[in-house]
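Only one chain is shown below, in structure tokens, and it's the form predicted on its own.
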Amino acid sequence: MSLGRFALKRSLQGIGVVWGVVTVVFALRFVTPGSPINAVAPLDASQETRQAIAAELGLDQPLYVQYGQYVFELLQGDMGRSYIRGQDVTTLVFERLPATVELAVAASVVAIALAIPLGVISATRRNEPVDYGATLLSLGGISTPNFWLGIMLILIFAVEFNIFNTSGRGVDVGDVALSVINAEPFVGTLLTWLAYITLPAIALGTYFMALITRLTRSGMLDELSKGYVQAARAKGLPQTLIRYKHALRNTLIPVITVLGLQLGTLIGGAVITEAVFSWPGLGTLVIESINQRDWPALQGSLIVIGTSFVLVNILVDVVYAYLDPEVVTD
């Protein structure tokens, strides 16, 4: 099977998964207690008013008609209108999406910058204090809930030492880039961006960092025990070259797969972190929509999060198949 056919196969499977996500998200509105009309109608609304609202929202139609209409509108890029905000949900969701992606990417950068060096050092200095320290750190990262870590980071670095901001976004990464283009104070803009994004990125990326550290360590230990490494040592190649050019390169193939999968997970798992830091992304929108029973906004957010996860998985599969062609022939 060629790489193109492999990518096409994964894309078709992804379409099926997205359709399943849309179906489940649509069904949630009908299996949860309460009626969407309650979010729109006044508390003292008469039965006639409630029936008129139901007819206006299409809620008086049979379930299969509502589902078919919803899917048809989705295919046209229409996610409906927010019950509470009165805005187009597509616009509302995609206004929030960049903030969530920015936070997920920042968390990934923090995790990768710490995890891969820690994993390599831990593997090359096995059973030494630095190995025990890296193992303890990774176990702590996996075991610590990100919402608790976020609260602790706020109390220590924002409240006690007043180093970082506690909530909001301040400026985005686009503002940092524009400060260079427009010859504005780059350092000040960068520091403002870091003041807002550092704590949520650490809180969200800690579990990811711990996972990659353990994966890198186990992969490096496996590679360093293989014959080609022993042969390279016998030829007198420098240890640094053996570790970082040969062993680490082979170790990174499964790490890249996990990186991609976890990026999708970070996008979907940012809900709690965004709520803790009042980060204006999709996670905050999901929480607000649940509290307000704003079903169109909630459905649109969940569909975009699910679709993002599927797209990232497809991209990772294709990249992995490119790096390891044996995957295509399996």
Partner chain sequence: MVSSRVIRNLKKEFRQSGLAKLGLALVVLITLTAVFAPFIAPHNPTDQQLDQSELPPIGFSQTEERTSSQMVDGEIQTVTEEVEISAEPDHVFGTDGLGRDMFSRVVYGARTSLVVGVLGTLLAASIGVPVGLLAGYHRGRVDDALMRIADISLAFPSLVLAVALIGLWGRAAVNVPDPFVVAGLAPEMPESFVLPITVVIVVGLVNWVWFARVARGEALSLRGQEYVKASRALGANDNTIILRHIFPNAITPIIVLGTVQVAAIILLESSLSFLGFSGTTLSWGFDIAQGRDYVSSGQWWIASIPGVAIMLSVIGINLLGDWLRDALDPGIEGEGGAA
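Positions refer to the first chain, counted from 1. For clarity, every value in this text was computed on a predicted model and none was experimentally measured.
There is also a form predicted together with the partner chain; it is not shown, and the following applies to it.
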The one residue among 287, 55, 65, 45 placing a heavy atom within 4.5 Å of the partner chain in the predicted bound form is 287
Checking 61, 69, 49, 32 against the partner chain in the predicted bound form, the residue with a non-hydrogen atom inside 4.5 angstroms turns out to be 32
Check whether residue 264 has any heavy atom within 4.5 Å of a heavy atom of the partner chain in the predicted bound form, and answer yes or no. yes
So in the predicted bound form, is the partner chain close enough to residue 246 to count as touching (4.5 Å, heavy atoms)?
no
> Any of the heavy atoms of residue 24 lying within 4.5 Å of the partner chain in the predicted bound form?
Replying inline: yes
- residue 17: touches the partner chain in the predicted bound form, heavy atom cutoff 4.5 angstroms: yes
Given 84-92, 186-194, 104-112, 152-160, the stretch touching the partner chain in the predicted bound form at heavy atoms within 4.5 Å is 152-160
Q) For the spot marked by 144, 275 and 302, is every residue within 4.5 Å of the partner chain in the predicted bound form through some heavy atom? A) yes
